[in-house]
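Presented below, as structure tokens, is a lone chain in the form predicted on its own.
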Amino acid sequence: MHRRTLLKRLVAAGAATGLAPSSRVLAGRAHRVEIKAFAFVPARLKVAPGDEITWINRDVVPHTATAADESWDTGTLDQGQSATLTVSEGMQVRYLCAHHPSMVAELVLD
């Protein structure tokens, strides 16, 4: 099964997953990124492997959090919806909204 398809199914089921097949997932901290006013808040987030990031859409229009290389994706989030992913070693750190590519943000791996 294609990794992106599998990831979308896991996110839809409310599960968190490591994104690189060879990465170890460690217990980590929980982070929240709000999507509001066509921006990711915070736009730069310090994370470590094993941390979980939850994106919550506070805008009235749909958004995504999608890796710049498309290796991970929250799927489309309507207003009030959220998706959670687990940070893995080697994970793509730059991301954007697939619907609004001018919305960009970055994860800083610790």
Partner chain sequence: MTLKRMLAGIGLAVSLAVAPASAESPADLNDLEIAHVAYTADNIDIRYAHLALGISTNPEIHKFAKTMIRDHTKVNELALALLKKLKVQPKDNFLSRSLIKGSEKLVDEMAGLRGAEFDKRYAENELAYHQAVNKLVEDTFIPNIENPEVKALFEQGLQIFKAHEKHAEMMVKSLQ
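Positions refer to the first chain, counted from 1. Note that this is a predicted model, so its numbers are computed, not measured.
The protein also exists as the form predicted together with the partner chain; that form is not presented, and the subsequent description refers to it.
Enquirer: Should Gly50 be classed as touching the partner chain in the predicted complex when contacts are defined as heavy atoms within 4.5 Å?
Expert: Gly50: no contact with the partner chain in the predicted complex.
Enquirer: Does the 4.5 Å heavy atom contact test between Glu34 and the partner chain in the predicted complex come out positive?
Expert: No, Glu34 is distant from the partner.
Enquirer: Although the partner isn't part of this model, could you tell me whether His99 comes within 4.5 Å of the partner chain in the predicted complex, counting any heavy atom of the residue?
Expert: Output for His99 is yes: heavy atoms within 4.5 Å of the partner chain.
Enquirer: Would you check, heavy atoms only and a 4.5 Å threshold, whether Val60 touches the partner chain in the predicted complex?
Expert: Judged by the heavy-atom cut-off of 4.5 Å, Val60 is in contact with the partner chain in the predicted complex.
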